[in-house]
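Single chain ahead, written as structure tokens, the form predicted on its own.
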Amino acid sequence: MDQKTLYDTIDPEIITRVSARHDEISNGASTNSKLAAALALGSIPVALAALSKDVYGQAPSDVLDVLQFALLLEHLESEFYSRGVAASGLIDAADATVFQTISAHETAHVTALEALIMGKSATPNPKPTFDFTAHGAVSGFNFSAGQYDTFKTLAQAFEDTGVRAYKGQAPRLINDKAVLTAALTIHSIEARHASEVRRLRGLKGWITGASRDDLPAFTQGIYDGEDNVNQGGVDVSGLALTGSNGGTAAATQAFDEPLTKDQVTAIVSPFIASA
């Protein structure tokens, strides 16, 4: 009865993967001495714990999927900024150093993600061809002189997307501490980029509600869900401190919400030429 109760509390996917690993070991697959000793004890809880650690210590397909997904986003940003800083007369001279620095960061992110992917014995997906008019939604944008405002608008859209995208994928990396740590180091820099670009556009560094500010309507998906005020089961807009310092608006500004992979894909797809 105790064993049945234990099994019933475990996610079926975990049971499937752990059972498959147990079968591999039973059929002669190599294993380490600590795992072998745990299995030899004959204790179901100990064996399950040991096998789970063994299974999830490996590189699951989820991790590679997240890395390839992040690489796509970083390719988008890297090419956008590279073209921007290389364009003649596009970026105001006073802001040139800022965007040159951001461009260097994004290129470094691409390099790091490709290394992580190759470290998993996989091949990084090739960079797609991008369309920074979003299939005409940003009509006429081609990195020409006089288009700096549009450039900054797109920069805000990409950076705000990146911050929420990394946040949304973090749970999928929970069993790969090294990759999770690497992703979080990039995530915080994307947040700094977003804040700086917003400053250059004369905006606050944070998002209020689900407002896209003055960005075009097709970018609304970047901000949907940011009006959430329920955190950890608590309506933070009703707290006394929040109520006296901005109310609901402040409550939404204080927390950043994740975006799912599907949501981010819908946002990014218009900027991929073949989409």
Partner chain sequence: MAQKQSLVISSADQLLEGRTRRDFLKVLGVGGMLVLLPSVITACSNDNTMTGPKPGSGNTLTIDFVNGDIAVLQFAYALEQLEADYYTRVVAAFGSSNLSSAEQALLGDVKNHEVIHREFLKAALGASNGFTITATYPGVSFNSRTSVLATAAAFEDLGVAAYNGAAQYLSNATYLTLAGKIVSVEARHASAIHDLISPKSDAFAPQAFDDAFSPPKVATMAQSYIVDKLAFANAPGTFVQGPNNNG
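Small disclaimer: the values here were computed from a predicted structure and weren't measured. Positions refer to the first chain, counted from 1.
One more form of this protein should be noted, the form predicted in complex with its partner chain, which is absent from this view; the next part is about it.
**Q** From the candidate stretches 118-126, 133-141, 194-202, 83-91, select the single one in contact with its partner chain in the predicted complex, where contact means a heavy atom within 4.5 Å.
**A** Answer to the contact question: 194-202.
**Q** Quick one: is A145 in contact with its partner chain in the predicted complex, heavy atoms, 4.5 Å cut-off?
**A** The answer is no: A145 has no heavy atom within 4.5 Å of its partner chain.
**Q** Taking the shortest heavy atom distance, is G209 within 4.5 Å of its partner chain in the predicted complex?
**A** Result no; G209 lies far from its partner chain in the predicted complex.
**Q** Heavy atoms within 4.5 Å of its partner chain in the predicted complex: does V264 have any?
**A** Result no; V264 lies far from its partner chain in the predicted complex.
**Q** Wondering, does H75 line up within 4.5 Å of its partner chain in the predicted complex on heavy atoms?
**A** Flag for H75 set to no.
**Q** What residues in 150-188 sit within 4.5 Å of its partner chain in the predicted complex, counting heavy atoms only?
**A** Contacting residues: D160, V163, K167, A170, P171, I174, K177, A178, L180, T181, A182, L184, T185, I186, H187, S188.
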